[in-house]
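Just one chain follows, in the form predicted on its own, and it is written as structure tokens.
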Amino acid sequence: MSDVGLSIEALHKRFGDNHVVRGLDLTLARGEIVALLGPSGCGKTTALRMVAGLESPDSGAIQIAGHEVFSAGTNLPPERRQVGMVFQSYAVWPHRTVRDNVAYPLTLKRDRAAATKADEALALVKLPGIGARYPDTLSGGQQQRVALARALVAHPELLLFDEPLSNLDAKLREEMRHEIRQLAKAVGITSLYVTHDQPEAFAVSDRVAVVLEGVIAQLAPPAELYAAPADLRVARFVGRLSLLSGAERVAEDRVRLGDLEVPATFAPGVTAGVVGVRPEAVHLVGEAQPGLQCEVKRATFLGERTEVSLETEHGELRADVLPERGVRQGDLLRISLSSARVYAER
């Protein structure tokens, strides 16, 4: 049995003059969950559809669990790829019962135990006993669980998710992303998960592949991706980032901004450039402490935090403060920075 759940090599796809996927390479270990994260039009959904067999690549190679499904001489149809897929739109048939929806992949194979296996899959996604109901009697979250059960019922080698939670409300999205991860890990299935939602990608995956302009710009575990983006493009896309200029490198791991020394890391190959700062690295300090003077240009109350925009001599800085601090537009503050990362200017 192969230890590789999915292998994608040098995948290309054009639609007319639009080169959507430009030599994409990606390997997933068996049982691993990887999220393809990127903006609209970056090629992530096209890549997923090529893995599923719903689009034909122009060139490259795809293997699922060690079996070649696409190459120069091979292009297996979707039903022969041992893939389960969960779509954004649920894609459940309203005229079929829940059980019939889930059993459909097995019905195509004339599996006599299809109904029993469908009920087992429904129990697995925490929907026991609803097989006789129709989709229009279910909530959006329940319909998405039905779609997940249908994807799992035939025990595929690979599970594909195409923006599966986009149609759910914020609270339900948060619940479902944890359930999807727990379920995929419990059954040990390799999963490729496409989303443009960063918290969702971070919560679901073991590693995140940031897709920009048809290639993977960085592949890393969520914490590493957030703390150490490979370059400024990735840093700007992942999380909130402020960029400050005029920094001087004073040590291997420190830069100086005015009179303030800041612990810093450096993107690969970079020795000087712009300083990227995350909101959580900004701290209010007293006048007697080392810091940067700034003015509050904007303060937006967001419930558990107030998001502020601070004007400094090195550039605009975004930060979060507790609402009880009572920070308002026009206030003069003094701040320190607990961490930063230096990127080449682009």
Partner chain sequence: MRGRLARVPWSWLLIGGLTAGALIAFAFAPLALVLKEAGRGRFQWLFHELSEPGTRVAFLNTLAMSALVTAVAVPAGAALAWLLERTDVFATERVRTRFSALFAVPLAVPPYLLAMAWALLGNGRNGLLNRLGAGAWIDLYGLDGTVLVLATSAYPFVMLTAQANLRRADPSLEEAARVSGAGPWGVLKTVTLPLMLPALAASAGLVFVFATAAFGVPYLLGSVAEPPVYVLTTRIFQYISLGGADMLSRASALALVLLSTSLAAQSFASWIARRRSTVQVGGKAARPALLRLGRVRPFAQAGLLVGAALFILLPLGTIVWTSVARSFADPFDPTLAHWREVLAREETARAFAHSVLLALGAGALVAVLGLVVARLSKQFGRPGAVLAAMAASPYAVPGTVLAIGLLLAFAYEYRLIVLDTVTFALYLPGTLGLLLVAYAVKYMAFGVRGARAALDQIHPSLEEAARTSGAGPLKSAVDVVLPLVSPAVGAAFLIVALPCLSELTMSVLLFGAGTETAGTLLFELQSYADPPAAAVVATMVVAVAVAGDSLARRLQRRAEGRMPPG
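Because the structure is predicted, anything quoted here is derived from the model rather than measured. Numbering follows the first chain given and starts at 1.
What comes next is about the form predicted in complex with its partner chain, which is not displayed.
Proximity to its partner chain in the model of the complex, defined as a heavy atom within 4.5 Å, singles out one entry of 268, 77, 129, 188, which is 77. Comment: its partner chain is not present in this chain, but in the model of the complex one of 171, 112, 155, 95 has a heavy atom within 4.5 Å of it, namely 95. Heavy atoms of no residue among 196, 202 and 239 are located within 4.5 Å of its partner chain in the model of the complex. Within 4.5 Å of any heavy atom of its partner chain in the model of the complex lies no heavy atom of residue 284. Its partner chain is not drawn, but in the model of the complex it has a heavy atom within 4.5 Å of residue 54. In the model of the complex, its partner chain sits beyond 4.5 Å of every heavy atom of residue 219. Using a 4.5 angstroms threshold between heavy atoms, residue 45 counts as touching its partner chain in the model of the complex. Residues placing heavy atoms within 4.5 Å of its partner chain in the model of the complex fall in a single listed stretch, namely 101-109, out of 204-212, 243-251, 171-179, 101-109.
Taking its partner chain as it sits in the model of the complex, the stretch 70-91 comes within 4.5 angstroms of it through a non-hydrogen atom at 77, 78, 79, 83, 84, 85, 87, 88, 89, 91.
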